[in-house]
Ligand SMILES: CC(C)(COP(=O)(O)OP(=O)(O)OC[C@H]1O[C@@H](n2cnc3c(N)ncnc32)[C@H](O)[C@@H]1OP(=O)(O)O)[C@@H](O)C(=O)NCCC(=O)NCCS
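What follows is a single chain, given as structure tokens, in the form predicted alone.
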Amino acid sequence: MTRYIVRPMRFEDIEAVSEVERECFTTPWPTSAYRRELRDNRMGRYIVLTEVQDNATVDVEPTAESNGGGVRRAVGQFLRPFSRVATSTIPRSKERIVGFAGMWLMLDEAHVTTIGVKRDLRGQGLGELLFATLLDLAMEMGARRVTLEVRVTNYSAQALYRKYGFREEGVRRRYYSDNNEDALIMWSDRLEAPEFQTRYREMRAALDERLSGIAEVHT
């Protein structure tokens, strides 16, 4: 049986991430940008979605240091049934990277910089799992709001963000260099607001149920 694991991105993942990114975007980041982000950006968090076979095992404990910039992951209110912390990693021969995501923390605002999943795996909730994991990390890092840009024609991504309460608050004209398409600027409500927390818990519970038994988060 195939299952999916979200874990921190490592240097050795960069080439595989770039392959997936080229499938997702017409203007992917160069591999040097990812190396620089992982090496130098202490306020950046990058995660990957891997596909593994059921005979690949990961040992877990209640807490562990991630290698995504020193964030300590604690079992608490934002960890869900399949959200556990890995103390060891799956051998590279046992996994295949099929998605990725990243964000920056700037003061008390988290900025989603990238998110992508292989085309043949879309529509299964895996992109939503990456996005929800970024929201978890943003809350753990002390962010008060989350923002992102999305193409004006990317209706499926916009629908996902709106489902989690994000709203359009501006437009960046000719933002995308490949075709000069505009980007919508979307923002979350304040993450600690009761309305956001209620919506988030409802959405995350539904996602957990949908992916129960096939997905885990190890951050």
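Each residue number is its position in the shown sequence, starting from 1. Bear in mind the structure is a predicted one, so any value in this text is a computation, not a measurement.
The same protein also has a form predicted together with the named molecule, omitted here; what follows describes it.
Engineer: Note which of Q53, N41, T31, N154 lies within 4.5 Å of the named molecule in the predicted bound form, where distance is taken over heavy atoms; exactly one does.
Structural biologist: Exactly one listed residue reaches within 4.5 Å, namely N154.
Engineer: Taking 4.5 Å between heavy atoms as the contact cutoff, choose which of L135, I97, L126, L105 touches the named molecule in the predicted bound form.
Structural biologist: Checking each option against the named molecule in the predicted bound form, the one that comes within 4.5 Å is L126.
Engineer: With a cut-off of 4.5 Å between heavy atoms, is R210 one of the residues that contacts the named molecule in the predicted bound form?
Structural biologist: Judged by the heavy-atom cut-off of 4.5 Å, R210 is in contact with the named molecule in the predicted bound form.
Engineer: When the contact criterion is heavy atoms within 4.5 Å, does R36 count as touching the named molecule in the predicted bound form?
Structural biologist: Contact with the named molecule, no.
Engineer: Can any non-hydrogen atom of C24 be found within 4.5 angstroms of the named molecule in the predicted bound form?
Structural biologist: Close contact exists here: in the predicted bound form, C24 approaches the named molecule to within 4.5 Å, heavy atoms only.
Engineer: Taking the shortest heavy atom distance, is R167 within 4.5 Å of the named molecule in the predicted bound form?
Structural biologist: It does not: once the named molecule is placed as it appears in the predicted bound form, R167 has no heavy atom within 4.5 Å of it.
Engineer: Taking the named molecule in the predicted bound form, which residues of 136 to 165 have any heavy atom within 4.5 Å of it?
Structural biologist: Those in contact are E149, V150, N154, S156, A157, A159, L160, Y161, K163.
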